[in-house]
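Heads up, the chain below is alone and in the form predicted on its own; it's given as structure tokens.
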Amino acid sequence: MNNEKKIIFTDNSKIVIEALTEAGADVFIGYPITPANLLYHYASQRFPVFMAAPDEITTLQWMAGFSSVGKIPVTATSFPGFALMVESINMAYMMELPMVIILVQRLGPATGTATTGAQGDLLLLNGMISGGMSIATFNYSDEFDCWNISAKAVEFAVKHRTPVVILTSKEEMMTKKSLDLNLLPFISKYKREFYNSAETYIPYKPEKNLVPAFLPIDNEQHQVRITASTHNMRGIIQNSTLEAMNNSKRLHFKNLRNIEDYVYYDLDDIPDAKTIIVSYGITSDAVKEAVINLRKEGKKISHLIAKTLLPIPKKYYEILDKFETIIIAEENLTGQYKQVLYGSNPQTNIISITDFGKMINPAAITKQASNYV
């Protein structure tokens, strides 16, 4: 083990791009947009294949093409660009094509606040797939998450044949900080397996964990049929047969089942605490400081940082059900994560701490949370 520090001054965008390439992602396609520009810039230097698309719709279409021949494509955007990508993400979801989409949140709806900190896109993701089906969504809380979870996002996408979203923010991607590179663990390139049998290839026949075997369309042994329309296991378009309907349902349950092996969170729990505060992403730093302040005042409070956001892991409810009061802190006006976890009319013991147009101040969290501890 190397005990000598190797300090660099960098931002998380570079850490994310390095982690993705180390994990095996090999194509980056993008259209520049704030505040995802640093990801775009670093990707142009590090990815084996980099393509500048003329728009966001084209970006996702090209990604689907690369994914269908066995590549692992990545893009990065913010809400306006992501909105244009939604139809094509639904297409890739139905085709079961692996890819990673990084969504760097910024405050809306006016472009005048385009680069103000916020966590405002979670509800969009929760209902993005037609029919309200689930798409795997991960989140960072620090630079080590940027390294580790980026690699796991690649693994989840490829292993389970699905688009994956990484939800982050301007502050997380653009703020520079010091980092000891020796603290980052080694990332192994995900070993990808393709269908390897003389038997006829059935492109959507579910195997282990409801995931069909993958085969690139440019192979010379088998015909490969992929389609975004409702289809049976052979990829034949069918509108309402039992097989086709079950195939569409499988996509939802595939993510629900397999996300349980990719549940990432930090839990700072203390004995006898009856109140817990929940956070994710950039707000977690402010909550950490607020929890320290509250404990200095003699108040017992625990803290959960969620990193696997969607589908909602069962583990979160196992943790939260032990507490009498649950406070959810996030940088948006409407309490989006609270709605994801508990609906639009939660019990009175579910409390929101929110803000709009600025980052949440630790002192404000301390003041508001102290009323419930």
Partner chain sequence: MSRKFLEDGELPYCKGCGHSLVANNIDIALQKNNYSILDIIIVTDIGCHGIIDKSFKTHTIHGLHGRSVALASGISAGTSNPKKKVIVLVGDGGATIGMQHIIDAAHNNFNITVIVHNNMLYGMTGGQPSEFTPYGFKTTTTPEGTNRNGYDLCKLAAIAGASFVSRVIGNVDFSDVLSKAFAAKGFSLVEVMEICPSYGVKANPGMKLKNILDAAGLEVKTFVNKETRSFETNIRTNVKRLLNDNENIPVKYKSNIDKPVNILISGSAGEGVQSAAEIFAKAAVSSGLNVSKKGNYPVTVGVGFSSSDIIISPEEILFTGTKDPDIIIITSKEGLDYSSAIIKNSDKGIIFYDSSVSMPETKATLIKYDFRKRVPAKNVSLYALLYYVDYSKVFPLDAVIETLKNDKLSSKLELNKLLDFS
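Residue numbers count along the first chain shown, from 1. Values in this document were obtained by computation on a predicted structure and should not be read as measured data.
Beyond the structure shown, there is the form predicted in complex with its partner chain, which is absent from this document and is the topic of what follows.
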In the model of the complex, does each residue in the set Glu193, Leu309 and Lys315 place a non-hydrogen atom within 4.5 angstroms of its partner chain? no
Just give me the single entry in Thr115, Asn258, Thr275, Ser248 that has a non-hydrogen atom within 4.5 angstroms of its partner chain in the model of the complex. Thr115
Listed residue that, although its partner chain is not shown, lies within 4.5 Å of it in the model of the complex (heavy atoms), from Glu87, Asp269, Glu297, Glu243: Glu87
From the candidate stretches 258-266, 127-135, 157-165, 234-242, select the single one in contact with its partner chain in the model of the complex, where contact means a heavy atom within 4.5 Å. 234-242
Does its partner chain come within 4.5 Å of any heavy atom of Lys288 in the model of the complex? yes
Applying a 4.5 Å heavy atom distance criterion, does His222 contact its partner chain in the model of the complex? yes
Is Lys170 close enough to its partner chain in the model of the complex to count, meaning some heavy atom within 4.5 Å? yes
Test of understanding: in the model of the complex, would Pro362 fall inside 4.5 Å of its partner chain by heavy atoms? yes
Taking its partner chain in the model of the complex and a 4.5 Å non-hydrogen atom cutoff, the residues of 50-84 making contact are Phe50, Met51, Pro54, Asp55, Ile57, Thr58, Gln61, Trp62, Ala64, Gly65, Phe66, Ser68, Val69, Lys71
